[in-house]
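Okay, here we've got a single chain as structure tokens, the form predicted alone, with questions on binding and movement later.
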Amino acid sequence: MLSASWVDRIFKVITLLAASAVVALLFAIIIKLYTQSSFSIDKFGFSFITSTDWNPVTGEYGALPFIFGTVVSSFIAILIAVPISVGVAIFLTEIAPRWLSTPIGFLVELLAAIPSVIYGLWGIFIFVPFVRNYIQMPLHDVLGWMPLFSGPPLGIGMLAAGLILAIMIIPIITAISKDIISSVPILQREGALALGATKWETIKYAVLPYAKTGILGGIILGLGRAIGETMAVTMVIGNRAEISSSIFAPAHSMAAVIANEFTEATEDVYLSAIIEIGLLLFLVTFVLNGLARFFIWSVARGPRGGIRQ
């Protein structure tokens, strides 16, 4: 029989190989995407990122409209989903009785199991008309003089895509925030209540500061889902490769253009441009997650000279 030390060594090697395989897979994806998009990179260079022209007929390709659509729609989704998700998580863990929090929590998490194409179909036939009639039209009537809310209220567009993404990422952020808040030690709450804090003050000063890092981690996962979402966004964003200052205008995203045009890319430069967009999508995801990780680190370390949570 193997001694305990040998078992530990074998286990260490196996886990090291598993961790190395993940890193190797990451680099393999980057290398493959880069080699397959090298034709487009050599031909267009950095102008591929800064150009707004996307015309397969003339052979001109620029990814800026797709980057813009991806970032803006994801930002709208995060802006809407974060307060709702954190509020639902606080309600389920700190306020609602168990007989109510359990079924509501189950229904919220059930939203994550719905396929994205179902969200897209629901968005086209039900949600887009609702957005046009009850959100875009009132905003256009009141704030139409602002570039952000200008243009005809078509229903489809950047706002509809952001709202659909918000609905899709709410269960992810809510589930993680709920688990993190539930894991806050009971002594945190009891100590605050013993000092005379109200229920709201206990949540604000004892629970949320303790759980903030985990909640931000859930927001990162939700952001990753929003950036990479394809089918639902494709069906409601309008699929127009243009940059507009209005959130009512149709737009496009990187994931959507890959899904829409990959099968039509018969020319080498066209296919290479599509794959380069995939590379850019990977890099945008990597950069945004890196910035979010840095933000989590800066929040978690606390102020200088202070006590770390």
Partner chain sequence: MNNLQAQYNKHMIRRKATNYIMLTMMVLCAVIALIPLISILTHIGASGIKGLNLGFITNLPSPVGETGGGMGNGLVGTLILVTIASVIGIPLGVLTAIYLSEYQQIGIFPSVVRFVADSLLGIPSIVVGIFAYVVIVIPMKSFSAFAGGAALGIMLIPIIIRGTEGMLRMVPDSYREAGLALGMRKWRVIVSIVLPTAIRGIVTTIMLGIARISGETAPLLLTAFGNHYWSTRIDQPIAALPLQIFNYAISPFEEWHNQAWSGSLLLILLVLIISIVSRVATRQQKFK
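Numbering follows the first chain given and starts at 1. Since the model is a prediction, treat every value here as computed from it, not as a measurement.
Beyond what is shown, the protein has a form predicted in complex with its partner chain; the following relates to that form.
In terms of contact with its partner chain in the predicted complex, the residue from M235, A175, I76, V128 that brings a heavy atom within 4.5 Å is M235. L111 is the sole member of L154, V71, L111, M146 with a non-hydrogen atom within 4.5 Å of its partner chain in the predicted complex. None of the heavy atoms of K43 is located within 4.5 Å of its partner chain in the predicted complex.
Proximity of K32 to its partner chain in the predicted complex falls within the 4.5 Å heavy atom cutoff. In the predicted complex, its partner chain lies farther than 4.5 Å from every heavy atom of S183. In the predicted complex, none of the heavy atoms of S245 sits within 4.5 Å of a heavy atom of its partner chain. Shown without its partner, the chain has I95, I104, F106, L107, V108, E109, L110, L111, A113, I114, P115, V117, I118, Y119 in segment 94-119 as residues with a non-hydrogen atom within 4.5 angstroms of its partner chain in the predicted complex.
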